[in-house]
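Quick setup: one chain, the form predicted alone, written in structure tokens, and binding and motion questions come after.
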Amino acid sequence: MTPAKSSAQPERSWTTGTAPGSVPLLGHTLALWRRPLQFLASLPAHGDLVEVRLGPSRAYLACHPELVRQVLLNPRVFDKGGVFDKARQLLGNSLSVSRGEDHRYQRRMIQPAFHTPKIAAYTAAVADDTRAAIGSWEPGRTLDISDTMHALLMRVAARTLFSTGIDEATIDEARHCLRIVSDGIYKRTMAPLGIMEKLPTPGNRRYDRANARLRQIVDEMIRERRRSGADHGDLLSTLLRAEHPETGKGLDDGEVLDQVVTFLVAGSETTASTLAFVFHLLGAHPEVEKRVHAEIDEVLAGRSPTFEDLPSLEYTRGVITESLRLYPPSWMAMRVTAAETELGGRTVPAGTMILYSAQALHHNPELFPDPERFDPERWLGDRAKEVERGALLPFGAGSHKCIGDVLALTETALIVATIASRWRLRPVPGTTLRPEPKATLEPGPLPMVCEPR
């Protein structure tokens, strides 16, 4: 490991290193494929900036929060590319994958849709949707909490986006298509040569059909809303009426379609996985669950939670934050250098892949003592102030930070409070949590038993 000075921060001595275990021709590709979470979490021990070999290519993982911030806060130098080009097959040129002026233009148009009054309005029906979803639960029933939360969040996302005009059968069909396409995008991302995706395999045909049908469902909703001209106060209405603050230009139907599909992915896949992890952790830690129940009972006094209750649910929010630390939805991402630059004291050529990983940051014992322990009190009082800036990265940072982060946290807290006020969920004995790193970090099947409170 070699220390090197950074011109950007002359007072700091960065350490650089190389990931161990590289094999001829493949480099570290097998390690990333077979055990990506463990591999990434091991790399901060080798330096602040760690060289990784991806086949014949040289990439770098930024392991220190300050280096990650340098990458995320300078999009002109550290540009979106690589895996983001693959994601465009699903997300088009939407906010999550667009670049430069395109991204700034879209963000300014869409940001008002995520202002606090709008979020409060979107989430007004979340508790109702949750109560309806759990209305069929019975004492002693075993359910897969992962699948249950994905079904619930797809309905919540559909209501947030469309509010009316989409029936349950179509929501279920869209959810089925979305799961196929999300999994397909991940597999294509992990096969960067782009050969397998061009073959007429059953999996590729299934992916193409699902992608086409998903976009057809959304396109039909957009066309119907354009025809009616009605403003339902939902995200779709906001997108259709969005105007650039300087030019007055709006989004065309294709641009709206890309944004809606993006919000469906982010609003259902990531939040649903987070909720499944939260309930698994509560079931595995009865002392934490008891404290959550006590807080919810005191704040709600038997009524349904509302947006205004959330600031009072401090410990519950700490549980959610700690779950996001242990199981970050966006477990790894990347940028590509647009020009030669310096990072961590290394001169990095143009076109170099720069990786950053919430998994690596969140499980680094230098940033989070005893990092594998579930400890919601990390996020309470003075302890929360001790966390190094940028060490927690569940939603990214800078101009490309997830635009829906507050909405996602709000929905998560409301759903946790609604369910936990009525039910306990117990892991089925012998169940082992095996997080699945895909396009987002997924919990896999998690059978749990319903117990009324």
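Keep in mind that what you see is a predicted model, and the values were worked out from it rather than measured. Note that residue numbering follows the sequence shown and begins at 1.
The next section is about a form of this same protein that is not shown, the form predicted together with protoporphyrin IX containing FE.
K.L.:
Site status for protoporphyrin IX containing FE after superposition of its pose in the model of the complex: open, or blocked by 3 or more ligand atoms within 2.4 Å of backbone or C-beta atoms?
P.N.:
With protoporphyrin IX containing FE superposed from its pose in the model of the complex, the site reads as open.
K.L.:
Just to confirm, Ser57 within 4.5 Å of protoporphyrin IX containing FE in the model of the complex by heavy atoms?
P.N.:
Close contact is absent here: in the model of the complex, Ser57 is far from protoporphyrin IX containing FE, nothing within 4.5 Å, heavy atoms only.
K.L.:
Using a 4.5 angstroms cut-off on non-hydrogen atoms, would Leu143 count as touching protoporphyrin IX containing FE in the model of the complex?
P.N.:
No - in the model of the complex, heavy atoms of Leu143 and protoporphyrin IX containing FE never come within 4.5 Å of each other.
K.L.:
At the 4.5 Å heavy atom threshold, is Ala391 in contact with protoporphyrin IX containing FE in the model of the complex?
P.N.:
Outside the cut-off, so no.
K.L.:
Using the partner position in the model of the complex, report whether Leu343 sits within 4.5 Å of protoporphyrin IX containing FE, counting heavy atoms only.
P.N.:
No - in the model of the complex, heavy atoms of Leu343 and protoporphyrin IX containing FE never come within 4.5 Å of each other.
K.L.:
May I ask you to choose, among Phe78, Phe368, Tyr356, Tyr207, the residue with a heavy atom within 4.5 Å of protoporphyrin IX containing FE in the model of the complex?
P.N.:
When protoporphyrin IX containing FE is considered in the model of the complex, the option within 4.5 Å is Tyr356.
K.L.:
Counting any non-hydrogen atom inside 4.5 Å, which residue from Arg335, His150, Arg317, His362 sits next to protoporphyrin IX containing FE in the model of the complex?
P.N.:
Exactly one residue meets the criterion: Arg335.
K.L.:
I need the one stretch from 414-422, 392-400, 38-46, 59-67 whose residues put non-hydrogen atoms within 4.5 angstroms of protoporphyrin IX containing FE in the model of the complex.
P.N.:
Stretch with heavy atoms near the partner: 392-400.
K.L.:
Judged by heavy atoms and a 4.5 Å cut-off, are His28, Leu32 and Pro435 together in contact with protoporphyrin IX containing FE in the model of the complex?
P.N.:
Negative, none of the three is within 4.5 Å.
K.L.:
Going by protoporphyrin IX containing FE in the model of the complex, which residues of 238-264 come within 4.5 Å of it through any heavy atom?
P.N.:
If the 4.5 Å heavy-atom criterion is applied to protoporphyrin IX containing FE in the model of the complex, 238-264 yields only Phe263.
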